[in-house]
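Next comes just one chain, in structure tokens: the form predicted alone.
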């Protein structure tokens, strides 16, 4: 029994255990400070569903040895382009949200292919270049959103008649189109977006099955032992590029799932820092810069989004002031900082 506990602590790590215990404490404390437990659990589950696919997008690149995908905004931009095109074409419901994904897919493949070619030329410095790619692509798109030929009155600036707005509502198009599939409510405050979870676990299953194929195994071998992979005739650059393409496509799907739950498309600087919470979540879940699993994604997303949801609510109720956004920023950046220090220690 003692050995089992020791093995569990060694496998999980004290930081992750403490984060989990703190999350449990917040849920236990919530009713005692007049925070509705059902609403808190519902909010946590919704945020998990909103962010899960973007965290999953980290897995292919980590497994292939390309490191953490700080270039996730590239996939997010592909998803945003698919989303605004869907709104431009007045597509509604499931047809609208899956239409957005269909239009985002070829863009994500093209972006991922170019991104992969670049990373193959800078082996050893992938994360630094990925960060630059992510930030610069967002900056370039800040100009493109103003000049792209979209003209829907629901998206363009009213006084100018051109240039997309910073925030575009999808409420009348495809908000919760996936989430509401087989969804259910319990009481006044609890809502479970079944469709989003089904989509997330389908994506997880597809990645898990792919990693068991010959190509997936070759990809993982490239990440863990590139010399062995090369000796067995595996095209290392091709496997790395494929992993980047898969990651970019998942990033595109992830932001569309996020938008249909959130109710808005956020352009311009919206994608700028979205890679950092995804990176932090997968690291908090137990992944490293060289190895990641589906379980790391699930555990990390629950812990990250749970802490991010519960901490502001409980602390606000205790101190009787509305500082939720300030607290959320502090907690989010704190967890991101912790996750990134793990990367530095791991590389040392």
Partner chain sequence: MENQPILRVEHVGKTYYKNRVLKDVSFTLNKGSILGLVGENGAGKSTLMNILFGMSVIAETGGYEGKIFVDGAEVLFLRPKDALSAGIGMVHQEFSLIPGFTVTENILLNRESLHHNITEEVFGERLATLDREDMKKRASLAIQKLNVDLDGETLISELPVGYKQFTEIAREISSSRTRILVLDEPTAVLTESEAEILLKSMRNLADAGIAIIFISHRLDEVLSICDKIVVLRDGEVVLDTKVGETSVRGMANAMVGRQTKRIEQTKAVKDENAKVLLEVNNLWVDMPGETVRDVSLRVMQGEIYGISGLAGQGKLGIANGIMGLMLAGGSVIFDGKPLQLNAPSESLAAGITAVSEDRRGVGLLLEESIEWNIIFSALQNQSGFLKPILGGLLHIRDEKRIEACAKQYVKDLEIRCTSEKQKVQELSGGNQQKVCLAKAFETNPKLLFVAEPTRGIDVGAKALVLDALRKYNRENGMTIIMISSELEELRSICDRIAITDRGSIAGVLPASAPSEDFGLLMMGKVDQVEVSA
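Remember, predicted model here, so these are calculated numbers, not experimental data. Numbering follows the first chain given and starts at 1.
One more form of this protein should be noted, the form predicted together with the partner chain, which is absent from this view; the next part is about it.
Choose from 227 to 235, 255 to 263, 174 to 182, 82 to 90 the stretch whose residues reach within 4.5 Å of the partner chain in the predicted complex, heavy atoms counted. Contact-bearing stretch, as computed: 227 to 235.
I'd like to know whether residue 291 contacts the partner chain in the predicted complex, with contact meaning heavy atoms within 4.5 angstroms. Contact with the partner chain, yes.
How about residue 217: is it within 4.5 Å of the partner chain in the predicted complex, going by heavy atoms? Output for residue 217 is yes: heavy atoms within 4.5 Å of the partner chain.
Taking the partner chain as it sits in the predicted complex, is residue 241 near enough to touch it, meaning that at least one heavy atom pair lies within 4.5 angstroms? So residue 241 does not count as contacting the partner chain.
Contact flag, residue 209 vs the partner chain in the predicted complex, heavy atom cut 4.5 Å: Within the cut-off, so yes.
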